[in-house]
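Just one chain follows, in the form predicted on its own, and it is written as structure tokens.
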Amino acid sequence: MSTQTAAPPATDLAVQVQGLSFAYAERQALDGLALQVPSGAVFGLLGPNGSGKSTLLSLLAGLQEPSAGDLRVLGQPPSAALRARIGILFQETSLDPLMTPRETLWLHGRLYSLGGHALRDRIDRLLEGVGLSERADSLVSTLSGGMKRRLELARVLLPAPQLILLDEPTTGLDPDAEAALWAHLRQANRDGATIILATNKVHEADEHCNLVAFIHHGRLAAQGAPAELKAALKRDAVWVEWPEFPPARADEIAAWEGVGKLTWAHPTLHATVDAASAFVPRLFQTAGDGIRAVRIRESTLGDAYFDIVGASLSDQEDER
């Protein structure tokens, strides 16, 4: 069941990006990217590794500076002062294993000039909220992976940020830990925080985000609500490995009854159809022995991404 909330109006923007570019030596990570994130949104950046998602988050957080373009976060350019209003959950764990959860949060609070009884009370509430009260004084090194992730989330939420940046936040988590993490994030969103999520997990973007941007090679390929981006898809998605597919046959196959958009990107022919059970046998009759493999599943945002971009979300490239 979807847990999305309605997308907020775009008149009040948490992030405005125009013509944003950034390169690592010879590799162009962002190339004239433009997008807008409404305040109060749960906004997904969906793209394969290497598409520029993590780079964009680091620029939004003020950890790096763009080589070109204009960037506004919470109405102003990124700065050290602005960072106090932003919470960042990195992809990799960044906890001191020799500290306890309580010490971890206390130190983080002091970095934000919090202290006294107010900080102690907030730490207690957060530890209880993320289910770590009983482990508050245990060493971080003794916590499970899910507990560490919840502690990192508590650290993010401690100063009550207006903007939360998440870089692959559920990597390595089991389904229960992932659900618990998102329960806390949804509450933070209901309390007014804007959330920007970088992910290549289709189910995560589809279930939790009210707006999604397709990012490919550092550029915006499409943006909209998940339902809008999937609107042109048929029920079943068929991925066909057909290295010698003759493009001249595309119009013929696309005209078959029940066939939606057909997309060819070597060596893959992709189609969404009303019924794969009828489409696939007919395709084999047409292709002879040219087909190497077939995958069938219910259509998802990943299929919309392939149709729009012409590339799969599972493309493996190094991303920073």
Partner chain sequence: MSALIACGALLQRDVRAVLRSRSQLYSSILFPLILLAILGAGVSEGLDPDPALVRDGDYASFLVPGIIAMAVLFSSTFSSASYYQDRDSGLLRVLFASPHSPRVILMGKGLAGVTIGSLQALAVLAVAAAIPAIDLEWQYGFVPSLLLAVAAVLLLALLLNGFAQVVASRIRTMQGFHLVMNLVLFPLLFFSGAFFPLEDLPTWLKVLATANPLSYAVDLLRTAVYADGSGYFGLPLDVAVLATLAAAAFLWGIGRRPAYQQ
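Please read all numbers here as calculations on a predicted model, not as lab measurements. Residue numbers count along the first chain shown, from 1.
Keep in mind that the form predicted in complex with its partner chain is missing from the display, and what follows is about it.
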Is E207 close to its partner chain in the predicted bound form, meaning a heavy atom pair under 4.5 Å apart or at it?
-> no
Any of the heavy atoms of A248 lying within 4.5 Å of its partner chain in the predicted bound form?
-> no
Does its partner chain come within 4.5 Å of any heavy atom of W239 in the predicted bound form?
-> no
So in the predicted bound form, does any heavy atom of S94 sit within 4.5 Å of its partner chain?
-> yes
Any chance all of A84, I88 and L111 sit within 4.5 Å of its partner chain in the predicted bound form, going by non-hydrogen atoms?
-> yes
Quick one: of K148, R155, H216, K201, which gets a non-hydrogen atom within 4.5 angstroms of its partner chain in the predicted bound form?
-> R155
Just one of A188, L173, A136, M99 has a heavy atom within 4.5 angstroms of its partner chain in the predicted bound form, so which one?
-> M99
Which of these stretches, 285-293, 47-55, 260-268, 61-69, has heavy atoms within 4.5 Å of its partner chain in the predicted bound form?
-> 61-69
